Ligand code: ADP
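Only one chain is included here, represented as C-alpha cells and corresponding to the form predicted on its own.
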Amino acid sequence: MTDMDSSEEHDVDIPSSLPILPVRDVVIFPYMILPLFVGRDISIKAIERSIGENKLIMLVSQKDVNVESPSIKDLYRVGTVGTILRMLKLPDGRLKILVQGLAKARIIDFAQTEPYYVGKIEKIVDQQQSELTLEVEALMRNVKELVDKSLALGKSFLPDIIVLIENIEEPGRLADLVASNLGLKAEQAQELLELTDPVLRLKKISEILSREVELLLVQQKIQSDVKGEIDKTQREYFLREQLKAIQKELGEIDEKTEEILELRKKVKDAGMPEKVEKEAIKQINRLEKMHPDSAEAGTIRTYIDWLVELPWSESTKDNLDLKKAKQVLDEDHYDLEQIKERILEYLGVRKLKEKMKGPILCFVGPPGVGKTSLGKSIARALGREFYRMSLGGMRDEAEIRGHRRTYVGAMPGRIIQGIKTAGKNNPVFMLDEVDKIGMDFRGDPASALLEVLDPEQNFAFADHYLGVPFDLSNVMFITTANLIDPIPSPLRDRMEILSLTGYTAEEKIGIAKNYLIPKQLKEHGITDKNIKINDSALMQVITHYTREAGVRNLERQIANLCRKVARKIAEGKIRKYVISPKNLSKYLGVPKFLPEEEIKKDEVGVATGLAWTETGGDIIYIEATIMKGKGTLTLTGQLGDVMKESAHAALSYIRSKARSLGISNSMFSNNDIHIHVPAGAIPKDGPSAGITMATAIASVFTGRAVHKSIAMTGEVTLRGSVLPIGGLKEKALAAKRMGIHKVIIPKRNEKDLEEIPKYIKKDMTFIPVETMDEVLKHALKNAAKRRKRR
C-alpha cells in the first residue's frame, strides 16, 4: 500500500460481472486489508469462483446483521471490489481469507442469485479536483491534527497507518484511510463509502474525528476525577464513581439522585413548619454527600422518613352536630350522664371557637365500668381517629420521649408513634392505666408525661429522636386509672378528673338488656327467639353470681347462659328457653354470693350501716355487746386502721355523754365491750361507719333497741359532729334493695341527693343530721319501752 499512488486506482481493470460476497457488521474501504471468516454456502461458492478466475470479488455489506440468508433487498448496492490475497481452509469447513480493497463499485443488477450472487457492477470514480484549494488543504491538515490529538489522548492507530496519513496528499484517499481505521458503525461507514465527493467525505470525517476527540477528552477528565479517589482496597468504589461520572456527563440520573429528589418532594408536600422543614432539608443535604452503603446514611434516611410521614398538617374535621354526637354516646353507653355532658360541652365550645386546646380528661373508676370503651365512643362521636396506648408497667422514660439518634436502633417515643399510626394530628389519644406507671433507674415516665399532658406546653412537644417540636395541642388526651392516689400530684393537677363509680343493679340490668345480651346472642349464633332472660333472673345473676362494680363478670355469666342454650339447640332441642329465678341455678349452679339477711326484729346492740365498695353499695350490721371486765374495747371483723380509730372515737363520745344518756360511769369501768362487723373474711376500712358504731354502743349500754327500718352512714367526731361521706348514691341503693326506706345521712351530704336518680329516691326518706344526738334520737327506741323491758 505504501507504493500505491493516485493513478493506480484508475488503472485497476474491473470486470463488468463479479461474484458478490455479503459481509456482516463491517464496511470495506479501498486500500483496506483485513481478514474475513466465511462460513455461509453462498459466500464459500462465490470465493471458490473468484479464486478460479481472477481472484476479484465484490464485497457489499448487509443492512441487517441478524439475517442469515440475505436476499437482494437485504444488501447495500454500493460496495468495494477486492482481491483475495490469501485463502485458508479451516477444520470446521469455514474459509479464512485475506482481502484488499481496490476500488469502489456499484451493483447495477444481479445476473445470478443461485447458488451464489453474481452482479453486474459499475466502477465508481471519485470526482476529481483540478487543484487543491486552500479550503481542502485546511481540511486535510485539520484531519491530520485531529488524528494526532486522538492518538495523544489514547486512541490506538497502527504506526504504519500514521505514516501513511501524514504522507497522503489526496483528500479522497485520506478520508477513506482514516474512516477505515476509526472503527465506525456499519451504517455510518456505509454512508461515507457512498459519498463520491472527496471534499464532502473529508468534512464528514473531520466532524467524526472532532466528536471522537471530545469523547476522549471527557474520558480523560473522568479518569483524572476518579484517579484521586482510587485506593488498592477500593476497586468497587472506583467503578461506582466512574459510572457516576459517566452518567453525570450523559445527563442520566442514578438511583441515589432519584431518591434524593423524591425525598425533597415529600418534604415539600408534607406541610411541615418552617423550622422542621429547614432541619429536614439540612439532613437531606447531608445524605446526598454520603455513600449510600454507609451506616449513618441509613440512620439519616430513617429519620427523614419519620419526619415526612408524620401528619404535620393533616387533621380530622370534628363532627360539630351536638345532637348526632349525643345520639352516638347514648348508643354506646348506658347512663354516665356526667361524662357525656362534659363531651358535649367540649363540642359546644369547639363549635363557637375554632382554635382551642384539647382537654385532658382522666376517667377514674373500678375495672369493667367502660373507661376504655368510652374513649372509643368519644372518638366516634367527634369523628376523630382513636389510638390507645397502655402505660401499665412502663418504667422507661424513653418510651414517652424516644431515644436520641446517636443510639443504635433509636426510635421516637410511643406518643409520636401513636400520632403517626393515627395518621392525623388531632386524634383521641387514650393513655390507659396511668396509675400503674413504674419508676426505676431508667427514669420516671410519669414525669415525662407532664409535658405531654400540659395544654400550656404540649404545643411544642420535643421528642428526643425527632429533635424538633411537634404540636400536640390539638390532640384530645384521655387517661384512665382505677385509683387516683398512685398518680403523682403534678400529673394529677394537669388532668380533669371524672369519676366513674360502679353501676347500680338497676343500671346493670339496663346495660345487660341494651348491650350485653344482644352482643352475646350474636356471638353465640342464637336469637331472642331461642332464649329469654327475665328481669328478675337478671337481678338474681347480678346479686347472687357476681360481685363487681363493672359488668365484665355479668357479661361472662350471660355468655354462660347463651352457651348452655346454644348447646341444647345444637343437639336438636329447638324451643324458646325462658330463664327465670326458679331455673337459674340449673344453668349457673349454686349462687356464689349471698346478700346480708334482713333483721327480723329491733334488737339491742345491732345497728344497720351502709358501706361503699368497689363492687357498689352494701349494708353492714355492726354488733356490740358488753360483758364483765375492766373496760377494754375489742374490735373484730378484719377492720382497717381508720375504722378502728372510728370505733375508739365513738366509744369516747358515748362515755362523754353518759349522764345525758342515763348510763352510770361504773358500767364503762366494770364491763368490757366487743364490737364485731360480720363477714369477717372481707377487709373493711373507712370512717363512714362512725355513727353506726356509736349507735350500737349507745344501744348496748342503754338497753334501748335500734330501729331495724333505719340505716345510717356518717363519720363521727369526739364532739359528736357528723361529717360527710362519699358514695351516697350506691349506699342509698343498697338500703332500698334491703327494703329499708329511712336513711340517716350527714347534713353536708344533702347536696349529693340531687345526683341520685329519682327512681332510687322514690318511697325513701333521707334524714340529714349534724350531731350524734340527732342520730340517737331517730335511731334508738324510746326509754319507756326500755324500762318496761328491764
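Just count from 1 along the sequence shown to find any residue number. Treat the numbers as computed from the prediction; the structure is a model and nothing was measured.
In what follows, reference is made to the form predicted together with the named molecule, a form of this protein that is not presented.
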query	finding
Which of 462-470, 532-540, 486-494, 327-335 sits within 4.5 Å of the named molecule in the predicted complex, heavy atom basis	327-335
Partner-contacting position among 564, 123, 519, 380 - heavy atom within 4.5 Å of the named molecule in the predicted complex	519
414, 384, 371, 201 - the one with a heavy atom within 4.5 Å of the named molecule in the predicted complex	371
Touches the named molecule in the predicted complex: residue 99 (any heavy atom, 4.5 Å)	no
Contact flag, residue 515 vs the named molecule in the predicted complex, heavy atom cut 4.5 Å	yes
Partner proximity in the predicted complex: residue 603 to the named molecule, non-hydrogen atom cutoff 4.5 Å	no
The named molecule contact in the predicted complex: residue 555, any heavy atom under 4.5 Å	yes
